Ligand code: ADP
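Listed next as structure tokens is one chain, alone, in the form predicted on its own.
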Amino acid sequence: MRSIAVANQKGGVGKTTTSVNLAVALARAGRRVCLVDLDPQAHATLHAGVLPGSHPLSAFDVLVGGQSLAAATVAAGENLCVVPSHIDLSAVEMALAARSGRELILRQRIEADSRCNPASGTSEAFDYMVIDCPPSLGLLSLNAMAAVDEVLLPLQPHFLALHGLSKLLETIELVAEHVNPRLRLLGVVLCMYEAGTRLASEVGRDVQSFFASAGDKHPAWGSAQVFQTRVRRNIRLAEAPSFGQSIFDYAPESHGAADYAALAVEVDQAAAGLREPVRRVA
């Protein structure tokens, strides 16, 4: 199973949109996908068509209540299930303040779920787990990074969106060094991209140059790529969550659907040698 945390401590950069539509694109291509919503705002839950509170268990119960990942899972479509969020997640740091090893709880729950264990032999095993992180670098994001192998960074090509990049890279490096040595930055995807502006192309080049110059000095993120796919600014992507639908259900002919289908192909390429690679679906 490939496990990917979609993270950026800055809000409004397309993080949840990327989490949901990447998960759905992979599911549409035949991958079995589990989407875990760790944002107390529960926007990924809503976007995937699950009403927060409609299921008796949520990610809060997994982290704080000792519930299994399987018990909190809700079916959200063919090949796709969701571990929903709840507003109670906003109190998770207080609830776990006295617990030893609190940053490893999600990893332990994932390891205990046979569908996440490739050695389990179950026909229901997941191919992907995609975790939508909150717009912060607190305990919830730390749990996600301690549990996954890869981090996907959505980035809006604006100066202010670049401002906190170094802090996120520092966090990835610290988690890799002290908690999860497998952790690597998979890459950066530029969202809300406006191809006709000079700023967007300049920021894209700057980000590519930055990672190209990092080399082997930063093993946790130095080999990250800037994905060729640019997720173009598209009003349909903004409208889809209010209908509880992915872009593929809401506007399958839109630029947004084409872009996230292309991103799914790129993300899947790292494992393409092990199975039939994802084909572009829109």
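Note that residue numbering follows the sequence shown and begins at 1. The structure presented is a predicted model; accordingly, all values stated were derived computationally and were not measured.
Just so it is clear, the following notes concern the form predicted in complex with ligand ADP, a form of the same protein that is not shown.
Partner contacts here mean any heavy atom within 4.5 Å of ligand ADP in the model of the complex, and among 28-36, 245-253, 66-74, 225-233 they occur only in 225-233. Annotation: in the model of the complex, residues L104, R109 and H178 none come within 4.5 Å of ligand ADP through any heavy atom. Within 4.5 Å of any heavy atom of ligand ADP in the model of the complex lies no heavy atom of V62. Contact check for L51: every heavy atom lies farther than 4.5 Å from ligand ADP in the model of the complex. In the model of the complex, ligand ADP sits beyond 4.5 Å of every heavy atom of A257. Taking the partner from elsewhere, A42 is found to have every heavy atom lying beyond 4.5 Å of ligand ADP in the model of the complex. Checking V188, M192, L142, L168 for any heavy atom within 4.5 Å of ligand ADP in the model of the complex turns up a single hit: M192. Contacts between 5-21 and ligand ADP, taken as any heavy atom within 4.5 Å in the model of the complex, involve K10, G11, G12, V13, G14, K15, T16, T17.
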